[in-house]
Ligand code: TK8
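Next up is one chain by itself, shown in structure tokens, the form predicted alone.
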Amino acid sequence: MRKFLLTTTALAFCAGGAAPAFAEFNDRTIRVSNGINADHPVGNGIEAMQKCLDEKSGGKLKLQAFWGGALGGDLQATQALRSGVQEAVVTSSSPLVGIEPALGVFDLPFLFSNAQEAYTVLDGKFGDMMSEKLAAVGLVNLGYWENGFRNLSNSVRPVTKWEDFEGMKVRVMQNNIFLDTFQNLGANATPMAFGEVFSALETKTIDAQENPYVTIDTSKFFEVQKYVTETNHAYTPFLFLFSKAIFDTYAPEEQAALRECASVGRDVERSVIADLNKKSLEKIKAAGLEVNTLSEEEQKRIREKSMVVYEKHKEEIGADVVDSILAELAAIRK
């Protein structure tokens, strides 16, 4: 009889113990807004994140991606998160500086030398500090995905040192830090809508533009340019942001699953971007463009030259933020 009772109790415990695996998960459809298209590497990240969520939640947490700004632009979607009327957005950092000025730190020129530096900083203490600032304005940052490094293409000459920018007409985004960066290097920085860039390069209205390799490739800028320089002058992360108002209503297990699976998606998305950049660079070279990389010595020179831009924008970004990231980078580079 005792053996029967023990066996029964053990079976009951096992049955009861198995049930809570998904007990704390509710059926949820999580809307994720994106400004880019589904064939961007973010799409691969979303797919990997969903697979992870399926395993952790038993299929209860479902991501519903809206591509190409279908739910509005990045800023509009982010404001919807803060209002608690939308769950999530994958957005570049630059459009959000009006909400959190500290994000302007990622627009500073020649900040990171390479992707690994960026990952070390973003996935470490500095990234956590920035996430705390975002939480204070109603946004939960689930992780830093990747938009990537911007590089220079032009039709004038190879750029091997900062003096080579002198007099070059460079299209830049309408962004004060970008304008100051290129003007400080002696270039004629020219704000222009992205859709006008190819024609302006073709007609020599401008000499140069700056974008990630994938954009230079897919926009066929290589057809109207002669030189490409791996300047890595700006690195922009994507932020996977969640509405804090909504996130706080989720069970701890749901919150943990979202954080863990966002990291899984991040790693896949970064890997796909790296592969695409390599393929795009090979296509650019195959098109006959002369490609060069700034030397470490020149990177150091150009970074020192750009410190006046850091000082000019330090107050608006936050002195603590600028000093913190520079200190962390100095430690990494020792």
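A residue's number is simply how far along the shown sequence it sits, counting from 1. In this text, the rigid core denotes the largest set of C-alpha atoms whose superposition between the two forms falls within 1.5 Å. In this text, all values refer to a predicted model and were calculated from it rather than measured experimentally.
What follows is about the form predicted together with ligand TK8, which we do not show.
Exercise: Asp74 in contact with ligand TK8 in the predicted complex, heavy atom 4.5 Å:
Yes, Asp74 lies within 4.5 Å of ligand TK8 in the predicted complex.
Taking ligand TK8 as it sits in the predicted complex, is Gly35 near enough to touch it, meaning that at least one heavy atom pair lies within 4.5 angstroms?
Contact check for Gly35: yes, within 4.5 Å of ligand TK8 in the predicted complex.
Close approach of Thr229 to ligand TK8 in the predicted complex, 4.5 Å, heavy atom
No, Thr229 is distant from the partner.
Mark Ser92 yes when one of its heavy atoms lies within 4.5 Å of a heavy atom of ligand TK8 in the predicted complex, and no otherwise.
Yes, Ser92 sits close enough to ligand TK8 in the predicted complex that at least one of its heavy atoms falls within 4.5 Å.
Taking 4.5 angstroms as the heavy atom distance cut-off, pick the stretch from 166-174, 246-254, 111-119, 181-189 that is near ligand TK8 in the predicted complex.
That would be stretch 166-174.
Are all three of Asn147, Arg150 and Phe238 close to ligand TK8 in the predicted complex, meaning a heavy atom of each within 4.5 Å?
Judged in the predicted complex, Asn147, Arg150 and Phe238 all sit within 4.5 Å of ligand TK8.
Gln79, Asn141, Asn211, Ser263 - the one with a heavy atom within 4.5 Å of ligand TK8 in the predicted complex
Comparing distances to ligand TK8 in the predicted complex, the residue within 4.5 Å is Asn211.
Return yes or no for Thr190: a CA shift of at least 2 Å between this form and the one not shown, with the rigid core superposed?
Comparing the forms between this form and the one not shown, which are aligned on their rigid core, Thr190 does shift its C-alpha by 2 Å or more.
C-alpha of Ser263 off by 2 Å or more between this form and the one not shown on rigid core:
Where the cores coincide, Ser263 shows only a C-alpha shift between this form and the one not shown that is less than 2 Å.
Does the C-alpha of Arg171 move 2 Å or more between this form and the one not shown once the rigid core is lined up?
Yes: Arg171 shifts by at least 2 Å between this form and the one not shown.
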